[in-house]
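Below you'll find only one chain, the form predicted on its own, shown as structure tokens.
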Amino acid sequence: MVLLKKEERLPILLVTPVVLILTGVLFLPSIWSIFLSFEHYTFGYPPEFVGISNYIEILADTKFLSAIFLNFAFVILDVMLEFLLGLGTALLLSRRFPLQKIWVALIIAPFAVSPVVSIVAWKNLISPQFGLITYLLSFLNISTEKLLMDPVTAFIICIIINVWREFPFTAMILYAAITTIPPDRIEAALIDGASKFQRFRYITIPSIWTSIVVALTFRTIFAFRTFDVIWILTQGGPLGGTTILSVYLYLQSFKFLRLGVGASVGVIMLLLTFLISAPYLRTLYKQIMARGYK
């Protein structure tokens, strides 16, 4: 066994508590959920091993299949809009203009508000009885009475609110990356007569590509397991039109008290999260290795 040098021990000692906490909070419950997914279990009764029956049951459930489709639709639309809005915001912030710091603070303001508080605030804004948005739209003869009663509009509203909450994450990552682009690259492109679009395509995007992959990776993972915005606004309704996998899992586990079925959904969500994030992680790994990091 090779003993670590003194300067190598300190980083390990500093990281160890975090690793232990993550192991206790994330890894061990995940392992327990995997075992639980093979059992029929509810509160007050001993667990009963049922093999893969829970998986067979949910894969045959049309509501579960609908939840998978809605989940992927939610992730694709949410992440795409967050990226476009975040990139546009980052490009605007990279330009010098008056009160820039105040605008940066306003953009990241959603992070300073509790998620539950911000979602309830939005729900009140579109309330048919006293919502401010309802009042403003009334001048255009637009009613918000049935916005959350229609599956399509309810789904769109959930996406819009989640984009508002989360796009500052992408914007700040890309803004920080843009500010690190060497000015001489831009100057050389200007001397060569490159247009704004050419500078954006051949200089800005390649220079911040690693940051783009990082932002997309994190936002895809977190968007895939979104729960709070949908549960507070619609609780999966109307007519199951916003029941994504996290809501389906919650209903199975805590409304129907079928913890084994809920654990099966959680395992499938874990596998799907890994599959959709693997391409991002592989791209990020290639970029890091290409830059010479070992």
Partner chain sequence: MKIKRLEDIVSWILLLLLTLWSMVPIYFVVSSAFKMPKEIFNYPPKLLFIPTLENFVTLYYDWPKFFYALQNSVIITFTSTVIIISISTLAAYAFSRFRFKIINFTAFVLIAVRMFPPIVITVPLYPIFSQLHLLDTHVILILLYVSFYVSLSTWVMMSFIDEIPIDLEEAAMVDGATRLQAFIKVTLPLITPGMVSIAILATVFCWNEFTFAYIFSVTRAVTAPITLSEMLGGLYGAEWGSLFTASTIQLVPMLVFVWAVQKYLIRGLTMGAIKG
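Superpose the two forms; the largest set of C-alphas matching within 1.5 Å is the rigid core. Please read all numbers here as calculations on a predicted model, not as lab measurements. Numbering follows the first chain given and starts at 1.
The same protein also exists as the form predicted together with its partner chain; that form is not shown, yet it is the one meant from here on.
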query = So in the predicted complex, does any heavy atom of residue 172 sit within 4.5 Å of its partner chain?
reply = yes
request  = Indicate whether its partner chain has at least one heavy atom within 4.5 Å of a heavy atom of residue 112 in the predicted complex.
outcome  = yes
request  = Would you check, heavy atoms only and a 4.5 Å threshold, whether residue 64 touches its partner chain in the predicted complex?
outcome  = no
task = Please check if residue 228 has a heavy atom lying within 4.5 Å of any heavy atom of its partner chain in the predicted complex.
result = yes
task = Identify, from the list 190, 152, 140, 132, the residue with a heavy atom within 4.5 Å of its partner chain in the predicted complex.
result = 132
note = Interface check vs its partner chain in the predicted complex: of 186, 73, 108, 205, the one with a heavy atom inside 4.5 Å is 108
query = Looking at its partner chain in the predicted complex, which residues in 152-166 have at least one heavy atom within 4.5 Å of it?
reply = 160, 163, 164
message = Does residue 18 shift between this form and the one not shown by 2 angstroms or more at the C-alpha, the core having been superposed?
response = yes
key: Core-superposed C-alpha of residue 278 shifting 2 Å or more between this form and the one not shown   = yes
